[in-house]
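Here we start with a single chain on its own, the form predicted alone, put down as structure tokens.
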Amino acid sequence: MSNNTQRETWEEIVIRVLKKNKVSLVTYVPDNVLAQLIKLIEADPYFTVIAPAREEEAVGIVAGAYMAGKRGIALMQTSGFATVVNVLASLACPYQIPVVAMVSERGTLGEFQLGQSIVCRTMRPVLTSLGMEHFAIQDHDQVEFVVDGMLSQAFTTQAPATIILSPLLTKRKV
């Protein structure tokens, strides 16, 4: 935690760690769980923020920016992850492009939409089959360590990675 006397929110920690790892490009498709994080990022002149129409475009923009020397992250929810598998399997993974995704997890812990639950059940097996590092943050005390470690590992090993934000962290009500 920083020198602030008040406890940082998980969103503030993410922003601080993104800056520490020189991640200055953020792409996202709007999501209620990520709304506060997106609002803070958009208000910070450090970040270049792009909101494409679809999640696979967000991943493609991050991949292209990396090839041009800029580090980025793609923010999305679980259902959006379902749309990015092809771009991960055909671009990020085989060409070792460290595309980092941050996914707000839906489909568990009281989810009311069957489609969200099905996508949630498939996300981790898909990530595993692609050989992508992934970790679900469940507790506030894990945020800095996991986000920093995942970003550092992705850029050092030139491999894509996914940070999953559990509803236990985000306290998303369904």
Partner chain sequence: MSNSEPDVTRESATVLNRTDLTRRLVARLKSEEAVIGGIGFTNFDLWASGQRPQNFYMLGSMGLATSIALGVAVAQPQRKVFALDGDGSALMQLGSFATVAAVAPKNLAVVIWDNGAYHITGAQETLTVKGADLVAIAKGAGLKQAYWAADAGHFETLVQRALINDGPWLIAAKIDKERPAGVTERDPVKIRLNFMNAIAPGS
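Numbering follows the first chain given and starts at 1. Remember, it's a predicted structure, so these values are computed and weren't measured experimentally.
Same protein, other form: the form predicted in complex with the partner chain, not shown, and the subject of what follows.
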- Query: Does the 4.5 Å heavy atom contact test between residue 70 and the partner chain in the predicted complex come out positive?
  - Reply: yes
- Message: Quick check on residue 156: any heavy atom within 4.5 Å of the partner chain in the predicted complex?
- Response: no
- Item | residue 91, heavy atom within 4.5 angstroms of the partner chain in the predicted complex | yes
- Non-hydrogen atom contact residue 137 with the partner chain in the predicted complex at 4.5 angstroms: no
- Tell me whether 81, 113 and 119, taken together, all sit within 4.5 Å of the partner chain in the predicted complex, counting heavy atoms only. no
- Pick from 39 to 47, 141 to 149, 127 to 135, 55 to 63: which stretch has non-hydrogen atoms within 4.5 Å of the partner chain in the predicted complex? 55 to 63
- Which of the residues spanning 77 to 97 lie within 4.5 Å of the partner chain in the predicted complex, based on heavy atoms? 86, 87, 90, 91, 94, 95, 96, 97
